[in-house]
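The chain that follows stands alone, in the form predicted on its own, written as structure tokens.
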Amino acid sequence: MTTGIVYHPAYLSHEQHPAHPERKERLSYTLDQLEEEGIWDDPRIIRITPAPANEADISAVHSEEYITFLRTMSRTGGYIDFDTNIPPGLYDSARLAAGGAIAAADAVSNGSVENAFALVRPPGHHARSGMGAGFCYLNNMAIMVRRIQKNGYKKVMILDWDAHHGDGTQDIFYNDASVFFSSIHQSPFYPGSGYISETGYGEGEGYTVNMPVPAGTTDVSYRYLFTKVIEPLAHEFRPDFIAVSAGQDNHFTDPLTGLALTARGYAEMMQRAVRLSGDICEGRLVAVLEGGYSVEAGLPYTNLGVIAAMAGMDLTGIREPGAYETLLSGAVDPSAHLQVIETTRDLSAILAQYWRCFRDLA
């Protein structure tokens, strides 16, 4: 199995502030870990250098007014919200991040690699058609999905496992039956959306599925949701391509969130996603990095686990250093899984009106 890793040194240049959670160390520590583990020398790994997204690809998702706003503010600097400012040169950084997602999709589409992971920043899944938010400017995932469809793969399933609900991506595809958006995310939490009642609109009704989970949720619940929700839906929807918004901020050491996933849990999630893509769409899978703010204790190991799973490597050695293990017990809520089971039961009842795989369960 060959896996493309999209990366560009300029991804370390974007900076809102040296102490901002979304800072260059999010990637630099991961790069050090990949170097230490010999990932770049592995014959199953192909390094892909991206180019900036062109205006046509960006305009397929974002309004001309918003694009003009970003261009203008990027000349002098500006603000979108209290934690999303626009440093000078931002538009070029955002174009290169979106271009990284496109490069990953193109490499899988043309058969250069079997799957690909775009290690990009800034992230994108909170950006809507007409405005950015939550550290996001251009919606890398949405831009990539439209490129996938332009490449001839009409049905795309998005799995967003970032701890924060991908409200921007959901909004862009909310009335589109060609794109199935699914999300597992902490709730209640920023951005305050992603309830099980949000199922799409118009032609897209039934093609949005949200799986909110409480703080303290562990790997066990994510495996449960794959089995009970994601895999049955994928088999019924039969996408031509699977796209993962790979937010790594569910890790138990992440300073911005309250979930309790492990690096092994991340690796196993991606392993299941890869197997699913093999069963349904000839292995066509692409992942795009979203959040993840535990720059030393989390991201290097979760990103390594995701890459190892995508490339079909042995996962038995995927784990965090023992020094962090004591933090895990404090992050776990033993009652969280019972809440997940209850929410899944309610969600199945809602989805039964749209999908046969839930009718026997409702």
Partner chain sequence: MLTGMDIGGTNTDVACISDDIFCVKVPNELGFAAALEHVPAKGRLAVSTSQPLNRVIAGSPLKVQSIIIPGPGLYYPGGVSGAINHRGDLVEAVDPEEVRRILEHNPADVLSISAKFSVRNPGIEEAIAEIAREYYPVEKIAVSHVLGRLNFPARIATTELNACMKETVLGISGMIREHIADFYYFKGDGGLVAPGLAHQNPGLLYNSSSAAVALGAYYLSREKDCLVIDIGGTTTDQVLLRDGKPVMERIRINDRNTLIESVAAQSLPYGGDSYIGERLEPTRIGNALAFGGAEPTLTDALNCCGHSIGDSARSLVMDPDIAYEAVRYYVSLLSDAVLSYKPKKIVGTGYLARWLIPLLSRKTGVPASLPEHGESANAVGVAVSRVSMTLWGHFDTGRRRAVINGELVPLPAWNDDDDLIAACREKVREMALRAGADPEDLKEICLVYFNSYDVVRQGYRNETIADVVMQVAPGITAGVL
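Note that the coordinates shown come from a computational prediction; the quantities given were computed from them, not determined experimentally. Numbering follows the first chain given and starts at 1.
From this point on, the text means the form predicted in complex with its partner chain, which you will not see here.
For the options S59, S335, S28, T49, the residue carrying a heavy atom within 4.5 angstroms of its partner chain in the predicted bound form is S28. In the predicted bound form, T326 stays away from its partner chain, with no heavy atom inside 4.5 Å. Its partner chain is not shown here, and in the predicted bound form it never comes within 4.5 Å of any heavy atom of E65.
Using a 4.5 angstroms threshold between heavy atoms, G330 stays clear of its partner chain in the predicted bound form. Using a 4.5 angstroms threshold between heavy atoms, L304 counts as touching its partner chain in the predicted bound form. You can rule out all but one of 162-170, 180-188, 288-296, 220-228: in the predicted bound form, only 288-296 has residues with a heavy atom within 4.5 Å of its partner chain. Interface residues of 13-52, taken as those with a heavy atom within 4.5 Å of its partner chain in the predicted bound form (partner not displayed): P18, A19, R23, K24, E25, S28, Y29, D32, Q33, E35, E36, E37, G38, I39, D41, in sequence order.
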